[in-house]
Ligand code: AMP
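The chain below stands alone and is given as structure tokens, in the form predicted alone.
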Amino acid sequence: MSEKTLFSKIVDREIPADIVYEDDLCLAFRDISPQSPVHILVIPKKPIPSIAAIADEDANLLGHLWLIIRNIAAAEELDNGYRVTVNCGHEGGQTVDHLHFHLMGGRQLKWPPG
């Protein structure tokens, strides 16, 4: 059995987090190193390592995650816009091997991001 990721430990409440949303399928919490005034990570509770590891049967879960991201953005009053980013693999900037969406907003965001 592989070792739990940081995010799986947050889901299991082994590591504290500033949780803003939770249901049976996902968890959303504030990033501990925010890159914008609002920086929330939205993760599936199912430990999917990355975009590359998404299975066909995960389609409904991914649709659910996008709806939750939309709802959190509204709750955070990101009416002027926001960005959702998903990193995949080392060269893509992924640092935790657990699929996660960065919801960022609250200021003018630049492009390209880096």
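Position 1 is the first residue in the sequence shown; the rest follow in order. Because the structure is a prediction, the values reported are computed rather than measured.
What follows is about the form predicted together with the named molecule, which we do not show.
Using a 4.5 angstroms threshold between heavy atoms, V20 stays clear of the named molecule in the model of the complex. Not displayed here, the named molecule is approached by R30 to within 4.5 Å at the level of heavy atoms in the model of the complex.
Proximity of L6 to the named molecule in the model of the complex falls within the 4.5 Å heavy atom cutoff.
When contacts are judged by a 4.5 Å heavy atom cut-off, K45 does not count as touching the named molecule in the model of the complex. Every member of the trio L41, N87 and T95 reaches the named molecule in the model of the complex with some non-hydrogen atom inside 4.5 Å.
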